[in-house]
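There is one chain below, alone, in structure tokens, taken in the form predicted alone.
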Amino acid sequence: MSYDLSPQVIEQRRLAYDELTRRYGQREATRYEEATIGVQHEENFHYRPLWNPAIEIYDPSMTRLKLADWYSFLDPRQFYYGPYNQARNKSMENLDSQLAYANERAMLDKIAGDWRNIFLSYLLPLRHYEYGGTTVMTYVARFAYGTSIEQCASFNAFDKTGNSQIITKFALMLPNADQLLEEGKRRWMEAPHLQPLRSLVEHTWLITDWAEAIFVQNLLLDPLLYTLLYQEFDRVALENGALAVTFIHKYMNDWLKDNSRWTTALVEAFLNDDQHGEANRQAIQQMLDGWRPKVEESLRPLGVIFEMPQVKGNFEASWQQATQNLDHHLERLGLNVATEMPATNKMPATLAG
């Protein structure tokens, strides 16, 4: 008796889930597509929220923006649980290596001037700013419609917590770290130059339109603050020999570039929607026009930080650079830029009542 051991190819009977086949035809789906498209619950909710019976438990009306197809937006990074964790693990390994090098070379001991006080005036209090962003994005992740958006918001929320922990890790490299962290919180709560920013962060928690919350945080607040403190003030730190903290600055800058990719893609999806694009454009513009004056007002007091090192920075030049960068980004997205921001002490209409 003989046996035929030649290999046989068994053709797949299904290349993808039905939802993906209906959308893309007969082709093999990616892992990201399988983990994302068609996952949003759309029916059989059984009950409405007790705190607001006018809406469903998952409801697209939780934002004034609309998409004919909520999966027209996909994360350009193709992040689902596995790739997201792999990417962040690699980033953290690189940062840990850099901080270990700084610690071995005693870089923090060689900084001239009162940099302990400078760290307490901007970096350590920003632990609480980052956690405020976690709160915003957690809200978005709960109420956003469409799994592709919810995933990005969830990862953004985790990243914000991670950014807060990274600042904590830096503080632990300094003498009397526990006292520094406690003092950093006190300054976040009491320091005059930080109170406008803290007030704004707390007001963002009251935004009920989840898309508006994304755009305030990711189109206005983070880009301006990160440019000011992690790009422009980074040059001041280098001129003063504060090399160790620049590793933190670089990590934050790299994170902002990565995070902005999904926000940019989301804006483009709203603006390019065949049915709702123009209405979305007007709504997004209204959101930005309402919030940008308050965002700028909250950040300008940070100029005092540029005066603290021995070699002082030029805050006005840095401010101009930060606002120009923001203008250029909004223009590339096809959004108008107001030439003069209205002066007002009122919060945007979304917070009224």
Partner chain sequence: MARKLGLRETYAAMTRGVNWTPSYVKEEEAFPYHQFEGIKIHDWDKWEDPFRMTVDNYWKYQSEKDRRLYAVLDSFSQNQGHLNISDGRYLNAIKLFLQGVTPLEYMAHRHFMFIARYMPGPGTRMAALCQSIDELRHTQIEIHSMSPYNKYYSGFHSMRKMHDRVWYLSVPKSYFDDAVTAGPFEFLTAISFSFEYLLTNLLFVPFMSGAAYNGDLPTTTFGFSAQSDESRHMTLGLQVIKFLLEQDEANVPIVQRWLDKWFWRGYRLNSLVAAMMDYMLPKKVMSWKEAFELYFEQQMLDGLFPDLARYGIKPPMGVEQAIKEKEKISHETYWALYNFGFAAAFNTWIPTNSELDWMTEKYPATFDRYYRPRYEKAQKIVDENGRFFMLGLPQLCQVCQIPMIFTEPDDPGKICFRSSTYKAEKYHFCSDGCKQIFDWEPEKYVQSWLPVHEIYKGNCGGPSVPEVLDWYGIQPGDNGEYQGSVDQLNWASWHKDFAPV
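Numbering follows the first chain given and starts at 1. Source: prediction; values computed, not measured.
Although it is not shown, the form predicted in complex with the partner chain is what the next lines describe.
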Inset, instruction - Would you please decide whether Arg23 lies within 4.5 angstroms of the partner chain in the predicted complex, comparing each non-hydrogen atom pair? - result: no
Legend entry - Contact flag, Asp109 vs the partner chain in the predicted complex, heavy atom cut 4.5 Å: yes
Legend entry - Touches the partner chain in the predicted complex: Asn259 (any heavy atom, 4.5 Å): no
Inset, instruction - Using the partner position in the predicted complex, report whether Gly132 sits within 4.5 Å of the partner chain, counting heavy atoms only. - result: yes
Legend entry - Option from 151-159, 262-270, 218-226, 111-119 whose residues, in the predicted complex, bring a heavy atom within 4.5 Å of the partner chain: 151-159
Inset, instruction - Please pick, from Leu326, Ile305, Ala35, Leu288, the one residue with any non-hydrogen atom lying within 4.5 angstroms of the partner chain in the predicted complex. - result: Ala35
Inset, instruction - Note which of Glu202, Glu239, Glu278, Asp254 lies within 4.5 Å of the partner chain in the predicted complex, where distance is taken over heavy atoms; exactly one does. - result: Glu202
Inset, instruction - Give a yes or no on whether every one of Phe247, Gly313 and Leu330 sits within 4.5 angstroms of the partner chain in the predicted complex by heavy atom. - result: no
Inset, instruction - Pull the contact list for 74-89: residues with a heavy atom within 4.5 Å of the partner chain in the predicted complex, in sequence order. - result: Tyr80, Tyr81, Gly82, Tyr84, Asn85, Gln86, Arg88, Asn89
